[in-house]
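First comes one chain, alone, set out as structure tokens in the form predicted on its own.
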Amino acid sequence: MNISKLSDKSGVQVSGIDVSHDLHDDDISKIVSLLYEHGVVCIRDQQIQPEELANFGARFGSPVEHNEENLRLNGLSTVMSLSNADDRDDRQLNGGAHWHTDLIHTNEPASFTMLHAVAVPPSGGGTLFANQILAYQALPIELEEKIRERVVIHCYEGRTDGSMPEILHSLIRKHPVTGKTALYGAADTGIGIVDMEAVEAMKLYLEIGEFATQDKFVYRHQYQLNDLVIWDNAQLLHSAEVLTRANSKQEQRIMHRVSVRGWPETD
């Protein structure tokens, strides 16, 4: 396993392994350790099938069944297809093109998410990752005092019509394994803050989201064909870049996605 840094903000790249084979537990533990330390792991040159991606993802936790059945791949409930090369609607085309934390609108958000790059356009189609440990460390004292102990009310797609359950998550929290303090869920699905007036709460939430996604905290990953990119949702916000529909095979961006819950320990 060969390892090198992707950026000073987040991420390492790994080569020399083939995840289509049944990796030794020590290899999985090493990848998990890299995720906890660097937030993003890109494993290069992985020519794998959706079933192999599903099996690999299950080594990291409990796979999440995707609720939008038309995006499931090959009948696999835990593998989602993200694509600009079919007739999905605009919401599904760019559903990830905003800063967010996967499944934070649930009681147990995703721990890790992974994308396998099946088709990559010559430009664009990247993913942005904002390091929320660095963002917390850079908070001005007065802003940190404002949000200390604050709990955000999250709801699926930020809905305020009562159609979906409201879920509470602390805006500042320690990583479940490393104990490092980070901002958490500082963008997207928040609809309020506990014990704050609605307008004031959203003003503060938007202020924190803007602070947390400054360029100085962000690593942009430009995919290479057959990249397998995994990230730790507890320490990162992420956003896909806005896509246009592919008019040719060369313009296609197709990713296969698996998310899991649970926090594996490492040696």
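What you are looking at is a predicted structure, and each value in this text was computed from that prediction instead of being measured. Counting begins at 1, following the sequence as shown.
One more form of this protein, predicted together with N-oxalylglycine, exists but is not displayed; see below.
Q: State yes only if every one of 106, 154 and 170 has a non-hydrogen atom within 4.5 Å of N-oxalylglycine in the predicted complex; otherwise state no.
A: Heavy-atom distance to N-oxalylglycine in the predicted complex: none of the three under 4.5 Å.
Q. Pick from 33-41, 232-240, 204-212, 61-69: which stretch has a heavy atom within 4.5 Å of N-oxalylglycine in the predicted complex?
A. Every other range fails; the passing one is 232-240.
Q.
Please tell me whether any heavy atom belonging to residue 127 falls inside 4.5 Å of a heavy atom of N-oxalylglycine, as the geometry stands in the predicted complex.
A. Although N-oxalylglycine is absent here, residue 127 would touch it in the predicted complex, with heavy atoms inside 4.5 Å.
Q. Counting only non-hydrogen atoms and a 4.5 angstroms cut-off, does residue 79 reach N-oxalylglycine in the predicted complex?
A. Close contact is absent here: in the predicted complex, residue 79 is far from N-oxalylglycine, nothing within 4.5 Å, heavy atoms only.
**Q.** 4.5 angstroms heavy atom contact with N-oxalylglycine in the predicted complex for residue 84
**A.** No - in the predicted complex, heavy atoms of residue 84 and N-oxalylglycine never come within 4.5 Å of each other.
(Q) Quick check on residue 192: any heavy atom within 4.5 Å of N-oxalylglycine in the predicted complex? (A) Residue 192: no, not in contact with N-oxalylglycine in the predicted complex.
Q) Exactly one of 120, 135, 187, 115 has a non-hydrogen atom within 4.5 Å of N-oxalylglycine in the predicted complex; which residue is it? A) By the 4.5 Å heavy-atom cutoff, the listed residue in contact is 115.
Q | Stretch 96-123: residues contacting N-oxalylglycine in the predicted complex, 4.5 Å heavy atom cut-off | A | Heavy-atom contacts to N-oxalylglycine in the predicted complex: 96, 100, 102, 113, 115.
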